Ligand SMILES: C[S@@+](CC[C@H](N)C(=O)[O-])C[C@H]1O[C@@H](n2cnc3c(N)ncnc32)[C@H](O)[C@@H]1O
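Just the one chain here, laid out as structure tokens, in the form predicted alone.
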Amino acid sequence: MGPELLEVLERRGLDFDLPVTATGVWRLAECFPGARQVVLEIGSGMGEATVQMARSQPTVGLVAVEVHLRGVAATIRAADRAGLTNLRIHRGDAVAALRDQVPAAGLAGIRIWFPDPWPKLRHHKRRLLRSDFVSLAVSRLAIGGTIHCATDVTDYAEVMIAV
């Protein structure tokens, strides 16, 4: 990672953190005062789509979860340049975040776009979209909430529909 991205993380990273309760649950209302809804994006990558979504929906609070530091730093840099106040970024595992940090019924939506398909049969157990994950995700949605998934792998699309 280049010095510019490290500088962004040091200088601006805390502005995109999520405040937590004593038990570690995100205080989403505090993050997004006045937001009509909060959406969780899983796997935000380098943040191009994330920043565009936050820019185009200023009344929606958006939490981006990404495991790779380079992607987190790039997203922070882009969000900082755009002057976004409706975006927070969490570096970590999405399943752990949903289980331990997202409040029950706290989300209006979850976006999972182009997750790793793990195409080899022996790797299917690593796929994110399995029935246990979907059950957990649904428990974090408010009434009327949605899970929006996308993939360009036919086999994985069929699995997504099935679960």
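Residues carry their position along the shown sequence, with the first being 1. Computed from a predicted structure; not experimentally measured.
One more form of this protein, predicted in complex with the named molecule, exists but is not displayed; see below.
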Contact segment among 134 to 142, 24 to 32, 98 to 106, 59 to 67, judged by heavy atoms lying within 4.5 Å of the named molecule in the predicted complex = 59 to 67
query = With the cut-off set at 4.5 Å between non-hydrogen atoms, does I110 touch the named molecule in the predicted complex?
reply = no
key: V38, heavy atom within 4.5 angstroms of the named molecule in the predicted complex   = no
ask   = Is there any non-hydrogen atom of A54 lying within 4.5 Å of the named molecule in the predicted complex?
value = no
Heavy atom of L129 within 4.5 Å of the named molecule in the predicted complex = no
key: Stretch 134 to 162 - residues with a heavy atom within 4.5 Å of the named molecule in the predicted complex   = none
